[in-house]
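Quick heads-up: it's one chain on its own, the form predicted alone, in structure tokens.
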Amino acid sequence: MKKSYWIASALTAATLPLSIAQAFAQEAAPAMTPEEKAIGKKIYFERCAGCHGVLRKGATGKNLEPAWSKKDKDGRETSGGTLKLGTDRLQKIIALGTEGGMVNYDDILTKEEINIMARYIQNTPDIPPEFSLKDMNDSWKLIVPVDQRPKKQMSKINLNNIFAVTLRDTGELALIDGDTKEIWQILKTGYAVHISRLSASGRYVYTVGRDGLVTLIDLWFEKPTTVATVKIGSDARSVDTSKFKGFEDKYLVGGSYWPPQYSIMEGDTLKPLKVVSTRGMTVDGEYHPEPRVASIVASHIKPEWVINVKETGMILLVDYSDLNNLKTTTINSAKFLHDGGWDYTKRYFLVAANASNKVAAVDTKTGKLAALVDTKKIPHPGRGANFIHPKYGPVWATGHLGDAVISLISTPTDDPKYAKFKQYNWKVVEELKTPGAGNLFVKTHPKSKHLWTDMPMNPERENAETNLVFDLNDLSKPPVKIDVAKDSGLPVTKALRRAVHQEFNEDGTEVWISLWGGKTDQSAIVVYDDKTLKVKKVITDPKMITPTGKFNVYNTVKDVY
């Protein structure tokens, strides 16, 4: 099957009745040849669907339907659509990006491709097919059965300090030895792996690609080996394992963007067990046909997963102790849920409702919403970052795609030594200024005195290719600006090399940053000494094509950030 879900000749799109607006849009849309439409579908899947949705109804990004209308809270009718903007205006937006966090594509797409995309999004969206439990079973491949795998680790490598690195545009995962900085193994995975997750034991690496392919890699072999694969849909972003005591390595859950659902599998084989739809009503009481599963995390205090449903604004606490009698707690929060992470006690999960400019906090002990915190525009924390603020006590940090600040939110704890900070809980207590918007990740470590932030979605080279480092002992000091592209020693190219996704090593002494270049440009991972902020190593290789996310085994298993 080809990586684009709606290009695949084996799949036939569902046919739905056209509304009047859709019929008008179909008739008024710019003409496209079949070849141009195929190119548009492929680019949209690879570059656009994540933010704008398969059906183009919008989430982190704007609604991109050809024509739409809705009523505001006062009952007034509003309308819009890509047809109103027209081809020329759309070409400029695609080429130059926007201040709201959309990256410029003039150094990624050709002028011809930009023109195709400007016309493609004025045409009625295709509806990709559904994906059932039978479809999952048909796609499931158990390559190495459990009884044929090693009984103990066969290599002498320190598995806790392995980094799983996404090679976005080649559909591969590089496993890099954090001690030697050498590439241990590169394996084929799904296209544009969004995250890597680890089993509770640290033995298994799970990846999920944007094409919905989940890959299970066993680190106990002499060389890491793919032992199973399965597709959970046509488009996906998230997986996590069962981490509660007694359920270690037993289950895996994966969330799909399309179809909107989550799937539960055996943790050591990926055998499909259950599929649950997330279609339904939003927090505003309106039906949504595409409520995608965004981030998923595994609780450390209960046999539960926290599953965030993007478009509905619903947070699901799914009890996996009895799959036949599945118990789910549904918590209203705010649209549109995206990514997030644990506070430092691992009791509260904080998730960005980024189109609502809020962060939702869930108390996983009581199973209730703890707070909805207003923030600046489009919070995007990744997993966020936890540290003890000298004035406000425990805080969790998030950056923003749409504003030039890092927001620090006070989080509660039962520890009596922090009781004096209770008055600040669930408030934004400080905003650290940055040179521009476009942040994707913030990161620190319990042994670090620094907060590292990136700005890869900023259109300016001097921001996109750099990191800011704040001193946690004195946040009033201006941050140190690190030119990651310059430090890599790679030649300057027309296309930006975006410095993205900081990740600490196991002991918190190093920070690894991806320098994400174009598909034909050399990329790199630049490793910094966290104490001195000096370069320790540049990892570059012709096989290191478009590295993005990096996940240290120990920090991922333990949820250290």
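The numbering used is simple: start at 1 and walk along the sequence shown. Please read these numbers as outputs of a predicted model, since none were measured by experiment.
Below, we refer to the form predicted together with heme D, which is not included among the displayed structures.
**Student:** Within 4.5 Å of heme D in the model of the complex, counting heavy atoms only, one of 370 to 378, 320 to 328, 195 to 203, 484 to 492 shows up; tell me which.
**Tutor:** Looking at the partner contacts, the answer comes out as 195 to 203.
**Student:** Identify whether heme D in the model of the complex is within 4.5 Å of every residue in the set Met102, His400 and Leu515, based on non-hydrogen atoms.
**Tutor:** No, the candidate spot makes no contact with heme D.
**Student:** Which residue among Pro30, Gly50, Gly508, Gly58 has a heavy atom within 4.5 angstroms of heme D in the model of the complex?
**Tutor:** Contact with heme D in the model of the complex is made by Gly50 alone.
**Student:** Which pick from Val275, Ala353, Ile116, Ala294 sits with a heavy atom within 4.5 Å of heme D in the model of the complex?
**Tutor:** Looking at Val275, Ala353, Ile116, Ala294 one by one, just Ala294 meets the 4.5 Å heavy-atom criterion.
**Student:** Is the gap between Val500 and heme D in the model of the complex 4.5 Å or less for some heavy atom pair?
**Tutor:** Yes, contact at 4.5 Å.
**Student:** Ser238 versus heme D, in the model of the complex: is there a non-hydrogen atom within 4.5 Å?
**Tutor:** Residue-level check for Ser238: yes, a contact with heme D.
**Student:** Tell me, yes or no, whether Lys443 is in contact with heme D in the model of the complex, where a contact means a heavy atom of each within 4.5 Å.
**Tutor:** Yes, Lys443 sits close enough to heme D in the model of the complex that at least one of its heavy atoms falls within 4.5 Å.
**Student:** Spell out, yes or no, whether the shortest heavy atom distance between Asp339 and heme D in the model of the complex is within 4.5 Å.
**Tutor:** Judged by the heavy-atom cut-off of 4.5 Å, Asp339 is in contact with heme D in the model of the complex.
**Student:** Output the sequence-ordered list of residues from 115 to 142 with at least one heavy atom within 4.5 Å of heme D in the model of the complex.
**Tutor:** Not one residue comes within 4.5 Å of the partner.
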